[in-house]
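In structure tokens, one chain follows: the form predicted on its own.
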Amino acid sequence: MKRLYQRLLEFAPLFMFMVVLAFFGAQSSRFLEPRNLVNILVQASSTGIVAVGMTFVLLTAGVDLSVGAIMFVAAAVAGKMALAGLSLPFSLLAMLVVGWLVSAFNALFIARLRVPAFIVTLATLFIGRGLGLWITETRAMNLPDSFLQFGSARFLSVPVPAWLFGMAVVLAHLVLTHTSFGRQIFAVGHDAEMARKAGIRTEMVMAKVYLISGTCAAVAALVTLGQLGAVSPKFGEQKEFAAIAAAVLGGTSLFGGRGNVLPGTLLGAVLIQTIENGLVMTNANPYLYPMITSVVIFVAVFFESLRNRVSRPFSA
């Protein structure tokens, strides 16, 4: 009976996704059209990429609250460079550098100095948002058309943001399931002290997962810039909560040591975006959107609590 209950909890996100599709499909005839379903995947790509990086962090029983701020600073720096006449590739490289620098700062304090991840990344969140506001002078920046052209580009008839999301998911899945580094991540999340005694360099593992998270945040900023074509003072705001919700909805434990990217985080990110898209398609009251998002986060944490009660930690 316990095993059956555990399996039902594992498939809960899939059941929710099917219910959401059926509900909004009944409310709007356009919701299930192929064009709209592709649009959902594209719109989910930014949150999904951040959630992929967040999954690595959560698997070590950590948390990264700075991802939204990293997106903002990276986008602000790229925007300033682009408006100054620098090429798109150079601006994109600068975004990655920003992601690496901020995440390296996080890694130093968390892995080396043993400061709690919540405190470090919360501080980085405020520092990053303040720095982004200073760079943008608290004004929106409309970027060159090259960013929008990148965001609307297609390869084999599939939008580039969807390709980036898919590549991030597949690469992360392979790392977590087919490399020694992936096994070390699960070991650290399960019991860091035992992992250290087994010869795993836990500090190095912790540092790497935050670098991965920062890199994913920078790539997500690129995707968002390609979709919006502008940097506003609210760019990337609260993205960290959506990413955590997506990962946890997909089955990743907040206590570390259990979770997966494929199909877990992928399904969680798409589920959240499907709900948002459905609300738009049915002309729901916009004031309800934050409330619905909060309900999704609550459901994610509730399912994680139930899974934690009935499941033993296991690796992917």
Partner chain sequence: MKTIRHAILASFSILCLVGCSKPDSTGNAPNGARKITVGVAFETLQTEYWVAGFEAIKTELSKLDIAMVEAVADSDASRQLQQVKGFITRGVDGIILVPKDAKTCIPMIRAANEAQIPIVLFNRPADKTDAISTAIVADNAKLTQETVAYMVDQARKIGSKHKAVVVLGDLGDINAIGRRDGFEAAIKGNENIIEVVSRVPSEWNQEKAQAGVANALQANPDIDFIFTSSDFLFPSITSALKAVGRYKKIGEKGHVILGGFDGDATAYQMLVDGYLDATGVQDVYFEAKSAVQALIDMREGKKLPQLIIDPGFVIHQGNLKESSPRMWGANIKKKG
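Numbering follows the first chain given and starts at 1. The structure presented is a predicted model; accordingly, all values stated were derived computationally and were not measured. C-alpha atoms forming the largest set that superposes within 1.5 Å between two forms make up the rigid core.
The following text describes the form predicted together with its partner chain, which does not appear among the structures shown.
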Contact stretch among 155-163, 130-138, 86-94, 211-219 - heavy atom within 4.5 Å of its partner chain in the predicted complex: 130-138
Interface residue in the predicted complex among 281, 65, 61, 262, criterion: non-hydrogen atom within 4.5 angstroms of its partner chain: 281
Sole residue of 204, 230, 170, 104 within 4.5 Å of its partner chain in the predicted complex, by heavy atom: 230
Partner contact for residue 55 in the predicted complex: its partner chain, 4.5 angstroms, heavy atom: no
Proximity of residue 36 to its partner chain in the predicted complex, heavy atoms at 4.5 Å: yes
Contact flag, residue 78 vs its partner chain in the predicted complex, heavy atom cut 4.5 Å: no
4.5 angstroms heavy atom contact with its partner chain in the predicted complex for residue 46: yes
Within 4.5 Å of its partner chain in the predicted complex: residues from 246-275 (heavy atom criterion): 273
Core superposition between the shown form and the other one, C-alpha change of residue 255 at least 2 Å: no
Flag for residue 284, CA shift 2 Å or larger between the shown form and the other one after aligning core: yes
